[in-house]
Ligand SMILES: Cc1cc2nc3c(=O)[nH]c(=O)nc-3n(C[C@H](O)[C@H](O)[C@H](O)COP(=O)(O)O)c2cc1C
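In the form predicted alone, a lone chain appears below as structure tokens.
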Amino acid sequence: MSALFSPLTLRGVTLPNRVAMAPMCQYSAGPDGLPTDWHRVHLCSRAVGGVGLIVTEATAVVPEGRISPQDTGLWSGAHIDAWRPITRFLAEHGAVPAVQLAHAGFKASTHRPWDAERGGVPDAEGGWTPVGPGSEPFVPEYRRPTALDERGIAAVVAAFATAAGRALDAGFAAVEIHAAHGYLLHEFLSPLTNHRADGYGGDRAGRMRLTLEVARAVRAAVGEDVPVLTRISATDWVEGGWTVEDSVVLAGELAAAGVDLVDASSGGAAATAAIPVGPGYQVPLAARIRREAGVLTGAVGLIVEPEQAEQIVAAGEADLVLLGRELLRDPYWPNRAAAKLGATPTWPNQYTRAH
């Protein structure tokens, strides 16, 4: 029996397999942050292809938490209504719909990757002043942030909790907290970007405080039956930055706060990081966190071949795999992988004559 195509139960939700779609920003929402037809096709086609857990792109909990003016959000009732047709389709076709709740921090108000302009978006073009743990920008061409005071921090925690409640109303069955890739929560975690001297900075416990407060608030907002995941950057890949040893400690604290699975990515806090990119390059991070913290993990990072994904789960390196670019290339990767690994594909009736 294939380990990759065995079910995984997280609280009151059972994933039909261990293949997840990693959150990937599409930069295709309108200025109001509502998902569009692009998002519907992008996400729903992967449910048809057999993905067990589909995680949306970074979805902002407040307007100023968007990476770009074209990011999706979940800060109003209009967003609930816009997400519902998507989550309904995903569930009807066997996938578990999950939303990644995010705040971009000092990486907010930036141009899309394919725009001719680079760096920060000015107010006149729909941009805004971002916030962060301090007042230094990520890189010189980004906008200079306003340092959050304790009232602003409390508002961030409340915004995550409120958005988590909206996610359930919108039909999402699981929630992921984005604490990776140099965005706000990671900015507070990393000593490279957090130079505060108050209770939200200083030692590791102080730098972890905001992420753990968000985790506890989200757990309280969704109740006991809804899975809560957290994506972290398990290492900054920079000397003096956040390390995998720190991540082991954080993972244990997250589990105590009600998080069910740690999605182990890496990098993003430093533009100069030398990241050793290669097939499965982040899998050892997920494996170590799983082994030493005793928590469920997800592995991500150039996982391409079915046999590679099968080995990760079968060997106990992670409890599920998250595919990004490979699912962009082939939305039907899970069904093809199931056939190759001797499991049963889940082609819809409309497609069965082709297989």
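As the structure is a prediction and not an experimental result, all values here were calculated from the model. Start at 1 with the first residue shown and count on from there.
Missing here is the form predicted together with the ligand; even so, the following discussion is about that form.
Of the candidate stretches 29 to 37, 306 to 314, 284 to 292, 53 to 61, only 53 to 61 has residues with heavy atoms within 4.5 Å of the ligand in the model of the complex. Of the residues given (His186, Lys107, Arg231, His103), Arg231 alone sits with a heavy atom within 4.5 Å of the ligand in the model of the complex. Of the residues Arg207, Arg166, His111, His181, just one reaches the ligand in the model of the complex with a heavy atom at 4.5 Å or closer; this is His181.
Using a 4.5 angstroms threshold between heavy atoms, Leu323 counts as touching the ligand in the model of the complex. Under a 4.5 angstroms non-hydrogen atom cutoff, the ligand in the model of the complex lacks Ala47 among its neighbouring residues.
Contact annotation for Thr193: none of its heavy atoms lies within 4.5 Å of the ligand in the model of the complex.
The ligand in the model of the complex is not approached by Gly65, whose heavy atoms all lie more than 4.5 angstroms from it. Contacts between 262 to 300 and the ligand, taken as any heavy atom within 4.5 Å in the model of the complex, involve Ser265, Val300.
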